[in-house]
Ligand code: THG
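Take a look at this single chain in structure tokens; it is the form predicted on its own.
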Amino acid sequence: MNSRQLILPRLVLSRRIRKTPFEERVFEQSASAFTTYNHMPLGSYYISAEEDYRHLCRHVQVWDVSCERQVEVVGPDAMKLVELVTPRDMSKCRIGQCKYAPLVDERGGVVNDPVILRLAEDRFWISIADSGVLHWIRGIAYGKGMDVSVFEPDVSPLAVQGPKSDDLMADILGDEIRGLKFFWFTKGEIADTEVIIARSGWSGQGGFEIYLQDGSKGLDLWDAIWEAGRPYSIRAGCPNLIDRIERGFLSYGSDMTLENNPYECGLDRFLEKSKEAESMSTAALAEILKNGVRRNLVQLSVNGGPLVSPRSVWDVVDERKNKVGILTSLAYSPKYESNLAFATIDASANRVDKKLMVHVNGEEFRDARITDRNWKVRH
């Protein structure tokens, strides 16, 4: 142990880090840790990851996720441009519908994994994970000479997540909101401002994302939801590491990057080989499939006491301690009473129940097994 006291760094909120419309309320609720996401602060936890998780699984939370910035694509060539940047067939996306659609470049690399909302025949919002998608798509539109506008609108999502979300939103908007299907959205008014409400969100507990279209109304929107949520034990929250790993949600920048292709990440169910529209990744993905995938993103159950998700790289090794991959995300699950993780490993090592080891901090080896998508390991 280093004799010097470990001092954890602070996040300094300078002008370079953009302010969110809900930030004041987040600070009032005493978020304990932050990260940055699309140049905005994003809470990491309030009380602790585990305490926040337990509350999320029982009640309802409001999340400032305005860092999920929108890239608006509008104009006569809007559909053509959206089709070009994703291998998913977006012609099947109806007005009022959301589609999870990986953005993939001409080499087959995953640029981002957004949800795309279709607002009109020629208008889309691409709700992005953490990366510079706006400039990438602008460059493609310019280079192709497309008749389209690409910009960031004044849109900031606020999430309502947890098993009591339907009751809370029904109190605000009426019982009709209960009938909104998953990955569909509707228009409404909350706190005297127009919003778009989607049944979606980055938790496994169910809920909604409310797209505020006027940043000056952020505190009014938060307060209206907060007051309506008091009977349901509402708390401020944020995307929860434990919940998202239990539910198998991937995090762009952690579990996949531009160096990964969709087949490696298990996103092949979103790739449509019969897609008729031009897509910039079609040839590259066909070549990858022809040559075979060399590595896979897998789920691991890691033995022993609770571990903290690493910032450094932890190697994954076989029984002979030969490196076969790296661990990408990890959390201790109270539900499964185990450390659960994602890891990218050699395709040759990918077999459910296969025994592996994780080299924790370069110091100790923890036994691990590859699990199925429901975190089950057959003994």
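Numbering starts at 1 and follows the sequence shown. What you see is a predicted model; the values in this text were computed from it and never measured.
Another form exists, predicted together with (6S)-5,6,7,8-tetrahydrofolate; not displayed. Remarks below refer to it.
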(Q) Only one of Gly108, Gly218, Gly229, Gly201 gets a heavy atom within 4.5 Å of (6S)-5,6,7,8-tetrahydrofolate in the predicted bound form. Which one? (A) Gly201
Q.
Can you pick out, from Asn296, Ser127, Ser131, Gln299, the residue that has a heavy atom within 4.5 Å of (6S)-5,6,7,8-tetrahydrofolate in the predicted bound form?
A. Ser127
Q.
Let me test this: is every residue among Asp113, Glu209 and Arg269 within 4.5 Å of (6S)-5,6,7,8-tetrahydrofolate in the predicted bound form, going by heavy atom positions?
A. yes
Q.
If contact means a heavy atom within 4.5 Å, which one of 172-180, 113-121, 257-265, 138-146 is the stretch that engages (6S)-5,6,7,8-tetrahydrofolate in the predicted bound form?
A. 113-121
Q: State yes or no: in the predicted bound form, is some non-hydrogen atom of Tyr37 no more than 4.5 angstroms from a non-hydrogen atom of (6S)-5,6,7,8-tetrahydrofolate?
A: yes
Q) Counting only non-hydrogen atoms and a 4.5 angstroms cut-off, does Trp184 reach (6S)-5,6,7,8-tetrahydrofolate in the predicted bound form? A) no
(Q) Under a 4.5 Å heavy atom criterion, is Arg235 part of the interface with (6S)-5,6,7,8-tetrahydrofolate in the predicted bound form? (A) no
Q) If you check in the predicted bound form, is Lys275 within 4.5 Å of (6S)-5,6,7,8-tetrahydrofolate, heavy atoms only? A) no
Q.
Only counting heavy atoms and a 4.5 Å limit, does any residue of 219-251 reach (6S)-5,6,7,8-tetrahydrofolate in the predicted bound form, and if so which ones?
A. Arg247, Phe249
